[in-house]
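Presented as structure tokens, the chain that follows is alone, the form predicted alone.
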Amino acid sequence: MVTRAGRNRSPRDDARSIFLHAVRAVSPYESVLSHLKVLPSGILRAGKKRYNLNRYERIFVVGGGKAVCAMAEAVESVLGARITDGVVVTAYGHSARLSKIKVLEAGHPVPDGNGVRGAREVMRVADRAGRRDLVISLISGGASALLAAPAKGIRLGDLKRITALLLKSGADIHEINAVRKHLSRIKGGWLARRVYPADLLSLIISDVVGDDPGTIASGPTSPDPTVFEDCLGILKRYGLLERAPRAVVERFREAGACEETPKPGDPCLRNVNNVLVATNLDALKAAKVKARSLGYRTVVLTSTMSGPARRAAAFFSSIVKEVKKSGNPLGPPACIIAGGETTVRVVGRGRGGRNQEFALAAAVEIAGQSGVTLLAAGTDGIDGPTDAAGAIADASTVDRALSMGLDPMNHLERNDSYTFFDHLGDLLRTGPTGTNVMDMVVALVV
């Protein structure tokens, strides 16, 4: 393909460039800076709200997530010496050196002991806040696991077990986080309860479909509309009632003996301002700009793609094939973009993640469709428990695999997409990107 710049590039190169440009566009550091500014008068402008910094005695910063260090760095650059104390928890390998805010590392996606200690530190700082203080909460994807504060009667082992079961069950993030909220002392609005009556400004990078602050990181600063009975229903729906830790099931069944999470209208949420600073749609819009600069007619289908990865891949591929066949909704050279977060019900013992499974299922669908290339990847650079962000497939993927003795359907049924693409050399490895706004699929038709 010849781009507008006149250079020869392959569709694979273009797909990578589009994806990486989109990831850079949702940089946590730049995203926070674009929503946070101190005016000469001492007024802090955060989103649509303003805070008179002169009336606060102290400013505290807390938070968690895989993107939280860059967010905290941005807050330090804006507020500097005004920060009294702060602590954030991020995943192993994602930390950075900060001046005023302490950084701790913990396990993700399954919580560990460092997550318990990190959450304890966050709660310690939050508990210091009083009526004349401002607390800034920084939240990004991964905080549900990183801020592990087991509720009374729940052990860390219980959290690990139920998290692992839910991640493999096919449950979506809304369901998983509903359970997490009811097993925590910090999620589901409990952080806001600890901070009250101080003012609470929460800067959030969304990693969930729909961008609901109550679901992102299990909503530590948002009201929780779900109840214990909902959690029991989720376990039943995915056949986990007999496999879940006894303490978890008993807590859900004896809901009357446990205090519910803060609900909409709770006074502790009165002083909360939740501000979304980066979303999946922001990344998709940036991808569209880049694709057009490379000479592609471009359409963004949705930022709310969800459901089983294989089913989503089949539907997305049908649109790609329609573009190839009829030029509808746009003709080649075309770029079709979608985002969101699919699920995988793990039944095999292979390796992979939802994006790699999406790419493998799509490879089967687009086999033989010359001129079609597809990339599916996580914007955080991590797809499932692997070292890849996702994978790239094209019309030749299935034939190349068969020539190497690889059976695409067998790998798909065993949830072994990582091994499949690794043999082909088609895994997309970016390393941790420092951000996290769910997943992106880019298809090019030339």
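Heads up: residue numbers just count along the shown sequence, starting at 1. Just so you know, these numbers come straight off a predicted model, no measurement behind them.
The same protein also has a form predicted in complex with a further copy of the same chain, omitted here; what follows describes it.
Colleague: So, R194, E250 and A257: all three within 4.5 Å of a further copy of the same chain in the predicted complex by heavy atoms, or not?
Modeller: Every residue of the candidate spot has a heavy atom within 4.5 Å of a further copy of the same chain in the predicted complex.
Colleague: Against a further copy of the same chain in the predicted complex, would K324 count as a contact residue? Criterion: heavy atoms within 4.5 Å.
Modeller: Heavy-atom contact with a further copy of the same chain at 4.5 Å: absent for K324.
Colleague: Should R97 be classed as touching a further copy of the same chain in the predicted complex when contacts are defined as heavy atoms within 4.5 Å?
Modeller: No, no contact at 4.5 Å.
Colleague: Indicate whether a further copy of the same chain has at least one heavy atom within 4.5 Å of a heavy atom of A129 in the predicted complex.
Modeller: Because a heavy atom of A129 falls inside 4.5 Å of a further copy of the same chain in the predicted complex, the answer is yes.
Colleague: Consider K160 of the chain shown here, and say whether it contacts a further copy of the same chain in the predicted complex, taking contact as heavy atoms within 4.5 Å.
Modeller: Although a further copy of the same chain is absent here, K160 would stay clear of it in the predicted complex, with no heavy atoms inside 4.5 Å.
Colleague: Among L301, V103, C268, I319, which has at least one heavy atom within 4.5 Å of a further copy of the same chain in the predicted complex?
Modeller: It is C268 that has a heavy atom within 4.5 Å of the partner.
Colleague: Here the chain is shown alone; which of G153, P329, G348, G93 has a heavy atom within 4.5 Å of a further copy of the same chain in the predicted complex?
Modeller: That would be G153.
Colleague: Using a 4.5 Å heavy atom cut-off, which stretch among 196-204, 290-298, 338-346, 69-77 contacts a further copy of the same chain in the predicted complex?
Modeller: Of the stretches listed, the one contacting the partner is 196-204.
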